[in-house]
Each structure stands twice: as C-alpha cells, then as structure tokens.
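One chain follows as structure tokens, the form predicted on its own.
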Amino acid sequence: MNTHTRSIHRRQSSGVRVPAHVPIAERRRYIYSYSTVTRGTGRLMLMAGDQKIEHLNADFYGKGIHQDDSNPEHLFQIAHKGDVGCLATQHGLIAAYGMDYPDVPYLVKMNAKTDIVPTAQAEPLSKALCSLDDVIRLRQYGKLNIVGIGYTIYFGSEHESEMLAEAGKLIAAAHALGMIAVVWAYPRGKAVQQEKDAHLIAGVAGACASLGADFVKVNMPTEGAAALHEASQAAGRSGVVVSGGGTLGTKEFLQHTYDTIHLGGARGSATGRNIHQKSLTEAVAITKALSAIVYKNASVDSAHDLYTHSL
C-alpha cells in the first residue's frame, strides 16, 4: 500500500483524518465522534460546563447571573434545546443528568481543581477524577452519546510533568476507544510571567499537538485575535479553540468569536459563562448565534439577528 493509498484509507470516505493509533475496529466510532462535534466543518463549538469545580459557585450565583443558572440542570437544558457541538462537564454531573438528555453529545472533563488555593501559595496541579473505564461504563450503562474527553494542563507549573504524562496516556487511550480529546491549555504557575502572551500560547498549543489532542482550548492572547495565528499554526492538525473569557455583551462576545476564527485562524469556540449565566431562553439563543458563526460562517450581524429573533 503506497503513501497516497494509506492517506485515503486513514481519511475513510468521511474526510476525517483518523489518528494512526485508533484501532481499525474503532475508526468508525472515532469518525462519528469527530463528525458529531464538528458537523463536518473541522470546527468545534464546545459548551463548557466544568466550572462548578473550577470556580465553585462564583459562576453560577450572584449579581448579573440569572437565577436559572443556580441549578446544575440548566447546563443540560441549554445543550438539549440549543445548538452545541458538545457539552463538556464532569463525569458525576453527566451521570446525574445525562439520561434525561440522551440526545446531547457529551465530553467528559477528566480532571479539575478548585481555585481556593492561589498560585502564590501552591503550584497548580489537577489530576484525573475518574478513569476511562468509568467513562466507558457511563457510555454503556447510561446509553449516552459520549464523544470525547477533556483534560486541563497547567503549563509552567512545577507539576507540569505529572499532568503531561497523565494527559498523554488518556488521549491515546481515548482515541483507542473511538473518542476525541480536547486539552485545556493554560500557562500558570510562579514561573509564568505573562500567561496570555501570544508566543507562550503558541508554544503550549504545539505541546498539546504533540500529545495528540484533537483540539486545544486556549485563552485569547493579550495582543489580540490576530496574534492567535501563531498558535493556530503551531497546533498543526490540532484545532485551536478559544475560551469565551469573562462575561461580555452579546454582540461583543459574538465579535470576539468571529475574530478568533477569521483573524486568528482558530477552529471554533469553547464557551461557558457567556452562555450559561443567562436565562434558558437567552442561553439557547446565544448557542444558535454562536453555532451560526462557527459552523455556517455567519457574519456577526446575521448571527446577532438570529440571536434576537430566537428570544
């Protein structure tokens, strides 16, 4: 079999490039998983719902946050009624609520830590909360549409090597089971001077590509969306997706997403607070507008019109 033939074989008839370590028996499932979250576009619209550990209740209750967000089920209702590529959250929440919303594509966030202990006190370390066997049992027994896993690495932490090793093993194992893998790549620790520096973000994006991540979630560089292009190139075939960041006005948020794609070469969005802190009606409307930009190349104005008409 020559090189060209092998390349065609890896892509199958779907156009999805399958990693070489995905077993033949699981390639169809991997293609399904990747195609489900990307809608055949190569882009990802990930709804992040992992902050109930990361930020405790600060993102879900308080001034400017709709009361709908105080209930964890709000995340699942948005994903069910809205338009998302997948909902990323922890294993326990999916186990509790997932069977009521079996149509939602789920990405299990494997590790997490709270923000109670500041970096000035201790270097960040986040280890897996469950095993891939737990994920497979959840997929099998709950008959849930689990399409992937996620993992956070704090690059620059004194514990970086532990997270790199764990993430690398989990990514390879997830691929072997036909699932995609997304890495949350955050430079953080006493050694990190500017965690949102574009050159540093590009470096960690390339490191995640070296681990085999399908997508890499990063923060917007301080230098702006255009500076993200270095990271998009460094990540190669691993798609860069950008965090929604702090709470923004709706049109400003849509512009933020559009710019990361069209100025920075990003391949999608990974958004939490700018979706789930709204009422169910408004949150659903935002997912539709955001997905229009990510999956349909909609302009900011047309996406905002879609948002307005969905309210």
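In this text the structure is predicted, and so the values were computed from the model without any measurement. One rule holds for the numbers: they count along the sequence shown, beginning at 1.
Heads up, the form predicted together with a further copy of the same chain isn't pictured, but that's what we're talking about next.
Contact annotation: Asp100 falls within 4.5 Å of a further copy of the same chain in the model of the complex, judged by heavy atom distances.
Though the partner is left out of this view, Pro105 does not reach within 4.5 Å of a further copy of the same chain in the model of the complex, counting heavy atoms only. Interface membership of His80, defined by any non-hydrogen atom within 4.5 Å of a further copy of the same chain in the model of the complex, is confirmed. Residue contact with a further copy of the same chain in the model of the complex: Leu56 places a heavy atom within 4.5 Å of it.
Stretch 58-66 is the answer when you ask which of 58-66, 35-43, 256-264, 270-278 has residues with heavy atoms within 4.5 Å of a further copy of the same chain in the model of the complex.
Of the residues in 64-81, those that come within 4.5 Å of a further copy of the same chain in the model of the complex through at least one heavy atom are, in sequence order, Ser70, Asn71, Pro72, Glu73, Gln77, His80.
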